[in-house]
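The chain below stands alone and is given as structure tokens, in the form predicted on its own.
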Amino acid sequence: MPTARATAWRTWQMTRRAYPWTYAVGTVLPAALTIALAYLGFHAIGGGEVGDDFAADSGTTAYLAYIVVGATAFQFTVRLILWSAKALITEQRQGTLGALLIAPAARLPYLLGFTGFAVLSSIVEFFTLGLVVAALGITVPVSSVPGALLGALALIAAVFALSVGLGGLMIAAGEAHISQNTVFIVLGLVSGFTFPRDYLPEPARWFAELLPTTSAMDVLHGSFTGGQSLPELLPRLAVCALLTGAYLFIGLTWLPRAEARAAERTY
């Protein structure tokens, strides 16, 4: 994968020279504030206890650990989308999209290079969240280490598959903020990051099942606070793999048309 390695190395060099460290703080701060506010509400309003409905729907009474897993996963998702889905429109804004389109490099490894760099840089940044969690005295149980690792990989693959199609939409429409923020809102509301999906209306729950991030989050919550073993998590992993493959196929099929549309509008 020389294209992926070259893209990741180029991104690292650009980031190392021009990356504002305050951006890292801004990346981690939303998840830290979410966890801190949940801690405050849990103790000041909830009296340190959860309702029976939360325990029944989430499969755990460890509310704060549930929030830590969900808030971290959601901010990680936002971070990956901002890197991967905006890769092509960033080239377009910098005036280098035309050179990229005629370069003898396939688009999939190019996008994988961006995602690989985004995963590594985000992991480093999110280590600081551990300091917040430790300072608040929150412990996160792990019921299945293999399930947690596979859940993390499933979430990365699901977000990448979503990002391919979203990136095509961005360059075809010539804008990023409306589309990316719409995706963030939808994912945050229906994918079960920080609250059980049973709280949602039934149509929203059915819609959530069409998103690969939903099944990936089921695996992550189940492997950390849900007390589930790897065999119990396999059905949701299979659903995530199927949806991820479908989104990736649609995205890669749509991407050449989006690039042609962007080139026609630009030149």
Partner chain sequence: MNHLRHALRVFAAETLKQHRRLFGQPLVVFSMLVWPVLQLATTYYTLRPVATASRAAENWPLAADPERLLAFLATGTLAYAFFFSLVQSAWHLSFERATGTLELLFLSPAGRLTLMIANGAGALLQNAWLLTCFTVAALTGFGTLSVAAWWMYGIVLLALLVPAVAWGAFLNSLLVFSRDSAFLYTILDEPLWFVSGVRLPHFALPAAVQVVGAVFPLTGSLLAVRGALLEHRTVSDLAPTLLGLGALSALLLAAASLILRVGEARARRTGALSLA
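Residue numbers count along the first chain shown, from 1. Keep in mind that this is a model prediction, so the values were computed, not measured.
FYI, the form predicted together with its partner chain isn't displayed, but the following is about it.
Participant: Please pick, from Leu210, Ala56, Leu234, Leu33, the one residue with any non-hydrogen atom lying within 4.5 angstroms of its partner chain in the model of the complex.
Facilitator: Here the answer is residue option Leu33.
Participant: Give me the residue from Thr128, Thr90, Thr194, Ser121 that has a heavy atom within 4.5 Å of its partner chain in the model of the complex.
Facilitator: Filtering the options by heavy-atom distance leaves Thr194.
Participant: My question is simply whether Ile178 lines the interface with its partner chain in the model of the complex - judged by any non-hydrogen atom within 4.5 Å.
Facilitator: Result yes; Ile178 sits at the interface with its partner chain in the model of the complex.
Participant: In the model of the complex, does Val25 have a heavy atom within 4.5 Å of its partner chain?
Facilitator: Yes, Val25 sits close enough to its partner chain in the model of the complex that at least one of its heavy atoms falls within 4.5 Å.
Participant: Please check if Ala44 has a heavy atom lying within 4.5 Å of any heavy atom of its partner chain in the model of the complex.
Facilitator: Within the cut-off, so yes.
Participant: Answer for Val186 alone: is it within 4.5 Å of its partner chain in the model of the complex, judged on heavy atom distances?
Facilitator: Judged by the heavy-atom cut-off of 4.5 Å, Val186 is in contact with its partner chain in the model of the complex.
Participant: Can you check 210 to 218, 225 to 233, 33 to 41, 238 to 246 and let me know which stretch has heavy atoms within 4.5 Å of its partner chain in the model of the complex?
Facilitator: Comparing against its partner chain in the model of the complex, the contact stretch is 33 to 41.
Participant: Judged by heavy atom distances of 4.5 Å or less, which residues of 60 to 93 approach its partner chain in the model of the complex?
Facilitator: Stretch hits, in order: Tyr63, Ile67.
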